[in-house]
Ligand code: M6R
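Shown below, as structure tokens, is a lone chain in the form predicted alone; questions about how it binds or moves come after it.
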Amino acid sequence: MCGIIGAVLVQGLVAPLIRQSLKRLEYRGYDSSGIATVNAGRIYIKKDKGKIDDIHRRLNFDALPGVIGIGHTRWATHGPPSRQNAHPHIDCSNRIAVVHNGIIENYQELRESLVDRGHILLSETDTEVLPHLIEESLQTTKELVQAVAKILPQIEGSYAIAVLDTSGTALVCARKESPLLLGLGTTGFYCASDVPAFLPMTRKTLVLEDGEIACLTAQGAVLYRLLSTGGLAQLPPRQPTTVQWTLDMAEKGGYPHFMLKEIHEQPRALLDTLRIRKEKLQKFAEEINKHQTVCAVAAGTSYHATLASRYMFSQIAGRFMHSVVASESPEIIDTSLGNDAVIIAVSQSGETIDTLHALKGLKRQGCTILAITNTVDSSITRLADDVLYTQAGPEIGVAATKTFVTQLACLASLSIHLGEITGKQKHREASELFLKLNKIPDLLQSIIRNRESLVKETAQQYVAKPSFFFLGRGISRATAMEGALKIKELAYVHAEGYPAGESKHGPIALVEEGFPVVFVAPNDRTRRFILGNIMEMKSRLAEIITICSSEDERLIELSDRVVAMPPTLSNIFSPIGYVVPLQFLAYYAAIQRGFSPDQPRNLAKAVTVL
């Protein structure tokens, strides 16, 4: 997964604009970056490994001449970070430059064939085959857009590409299973992996669909449909969408890191998500109720949200829901479901390749696909039969925060509507649940305001520990797993998120004096059992860190550190609030250990490679 940007300006130097755009895309990858521009019939390229600002200090991206250019910030898939492997890549004649997000599955065969025909490839990347294929294509056609179209049927895998040639008159971009947007401005035209790249220049966007190609010039954008023969069919103009996000929403807003800003944004994001129209939620719930089998498919943090929602669906709606890790879906449910199954696909970006791959197989079986995503017009929305959009706004930090709470809010609302349909909840009971749910934004604001400094102190106290357990029972199991994931992602500390009742079936063997164990322990019906688990750990001299109700005197007495939570937070919705101290713990542990919480190593925001 990488970030790409292309721009054609009416006038002025394009390189400073592309550099700034890449900086806004750095959450998509940051191990190397590069920019190519065209001026007076020549391609100019500067690129290197490292972060954008560091490379700029060394090479001065802004000095590149020309009004047309492309840029790339990389997360390595083929070949380690290096100057040679950094994008853009060029052909033998230095006539064509390409940036690419995605993965070319048959690149090795293409590469060998190109080498046999005399091409010299300098990198280890899959991307480099593209400019060389276009180089050959331009021998039989003079138009860059036609040359690009001609080679794309040969490409197996996923791509979002932007292509320049030395004519310097047009920028050609195309996509298949990787995100790509067009920005339509008054002083220029743009393509990018995500909206923040061109948001300062324009809020008018078009989503490039799979199998479409766009040709951008200083006069505008022309869209084409790629034919299976490699030809083009011009598409009629379509109306752009006006993005409501402001640039300020996509930037740090005065916080030292995006992650901290986004933790603090959660009450607002939650409130906006709880404003999803009841008619839309009701329609979703009715569709779920039509099917015998309900299965959630997701990855990472989104998977943890579906784990928590299993308990909501069971206890509130009386329906059992399977929850499957997307990457394992083909091995578990790809041949065992049919049109009596409804799939709830959950993905913040809507571009998570594991989830998309799973959905394609499930759709072939005849399953109904319902999507929950934060990104309008993302790939998942075009696979789904219906879509619910969470209202988290842009989430730039690689570690998901707003994602978890808004997905949980969406799934919680669905469970209440479904409970009314199944008869598990009378109308008055459902109204009371909605009332409790709608109080959580204010409770979340209180938790953030009153518990941040306490959790910061806890992180300082335990930052040197090499390993943690995060334990919970019932719905808190999912919260514990999310907490463990966060501290692994950000502080590079080994952590296990585990059902507390299972801890004595093996993991407890690791516990010794001073071993930190974090208990997620709302005062629900599992509380009497978690009390026993705390005693088991305490008797082995573990350090007990407990997140529990401020009224739970017994748990507070047994714990070495306590994060006390509002007692009015409903137990069935507790993950929405109880995850916040765990987010702070991971954030401040990363800071204390000297790591950037926005750019954890080996990770990127949207996983677009299987």
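The shown structure was predicted, so the numbers you read here are calculated from the model rather than taken from an experiment. So that there is no doubt, residue numbering starts at 1 and follows the sequence shown.
Not on display, but discussed next: the form predicted together with this ligand.
Contact annotation for E212: none of its heavy atoms lies within 4.5 Å of this ligand in the predicted complex. Interface membership of S347, defined by any non-hydrogen atom within 4.5 Å of this ligand in the predicted complex, is confirmed. When this ligand is considered in the predicted complex, E452 lies well away from it, no heavy atom lying within 4.5 Å.
In the predicted complex, at least one heavy atom of T301 sits within 4.5 Å of a heavy atom of this ligand. For the residues T352, S329, T479, Q266, the 4.5 Å heavy atom test against this ligand in the predicted complex is passed only by T352. Among the residues A491, A399, A500, V172, the one placing a heavy atom within 4.5 Å of this ligand in the predicted complex is A399. The chain is drawn here without this ligand; in the predicted complex, the stretch among 502-510, 399-407, 91-99, 284-292 whose residues come within 4.5 Å of it by any heavy atom is 399-407. Using a 4.5 Å cut-off on any heavy atom, the residues of 478-512 that reach this ligand in the predicted complex are, in sequence order, L485, K486, E489.
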